[in-house]
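For reference, the chain that follows is the form predicted alone, supplied as structure tokens.
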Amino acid sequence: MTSPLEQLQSEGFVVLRDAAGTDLVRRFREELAPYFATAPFGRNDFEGFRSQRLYALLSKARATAELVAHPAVLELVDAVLDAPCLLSANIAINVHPGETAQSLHPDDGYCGVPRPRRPFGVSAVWAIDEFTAENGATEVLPGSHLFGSEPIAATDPRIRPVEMSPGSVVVFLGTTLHRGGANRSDGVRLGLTPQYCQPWMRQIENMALAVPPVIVATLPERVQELLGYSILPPFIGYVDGQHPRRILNEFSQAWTDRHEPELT
């Protein structure tokens, strides 16, 4: 039987069915609901003129940390990327009726290194709502992680939607061509896409500013590491000559000391 890692390496993507429980999915949705109530639609065709996007999620929804650091996803990420890998981007996308399909793209295409090559990133898309061919499910081109730079038609018959139930997740290599599908239904489709990258790359989202240290200090150690509070041997990533987690702990303690009267 083919393992998830073997399928990821051969096809460029793999679906992990029902990886997150209904309670976690519910909490994620509820924590972000107030933000989506006022979130604008996208600013361009790629973001989606009929899609809402939320960023800096770890400062908005606690449940995000559990999805970002889900063991089944990180097992695949860690098998592909060098340690300690980073969280490059983390976006909640609410696709409304009438949204058109994105252009095909690889998530690590911004690196500018000619293809074919090894992936510099791994992405995941969590289904918070059911993903169907009609409501804008993520679409992938199987095997495209091995392609060069040849153009691919938007109507290529090999492109297929990844239909999933809430709590399922599709994981794909940074070199795999994919896109958000068109929403031809009468309902919205909510998903979460954490994107991971090599530890020597610059993250797409500036996580040091997106998630304040006082919040980072409350997150699990692996999530702190993903945000950049880690060291790439022998010393890349230090702060004032020290491991960034030590500085983070000192900051957290100083903040607590200053605000303890308010907290009590």
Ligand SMILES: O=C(O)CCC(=O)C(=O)O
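Quick caveat, the model's predicted, so the values are computed rather than measured. Residues carry their position along the shown sequence, with the first being 1.
Just so you know, the form predicted in complex with the ligand exists too; it's not on screen, but the next bit is about it.
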Problem set entry | Contact of residue 132 with the ligand in the predicted complex (heavy atom, 4.5 Å) | no
Problem set entry | Interface membership of residue 178, the ligand in the predicted complex, 4.5 Å heavy atom rule | yes
Exercise. Can you check whether residue 168 is within 4.5 Å of the ligand in the predicted complex, heavy atom basis?
Worked result: no
For this session: Evaluate residue 108 for contact with the ligand in the predicted complex, applying a 4.5 angstroms cut-off between non-hydrogen atoms, and reply yes or no.
Result: no
For this session: Flag this candidate site as yes only if 46, 102 and 195 all have a heavy atom within 4.5 Å of the ligand in the predicted complex; otherwise mark no.
Result: yes
Exercise. Thinking of the ligand in the predicted complex, which stretch from 26 to 34, 64 to 72, 216 to 224, 46 to 54 has heavy atoms inside 4.5 Å of it?
Worked result: 46 to 54
Problem set entry | Single option in 85, 128, 80, 93 placed near the ligand in the predicted complex, where near means a heavy atom within 4.5 Å | 93
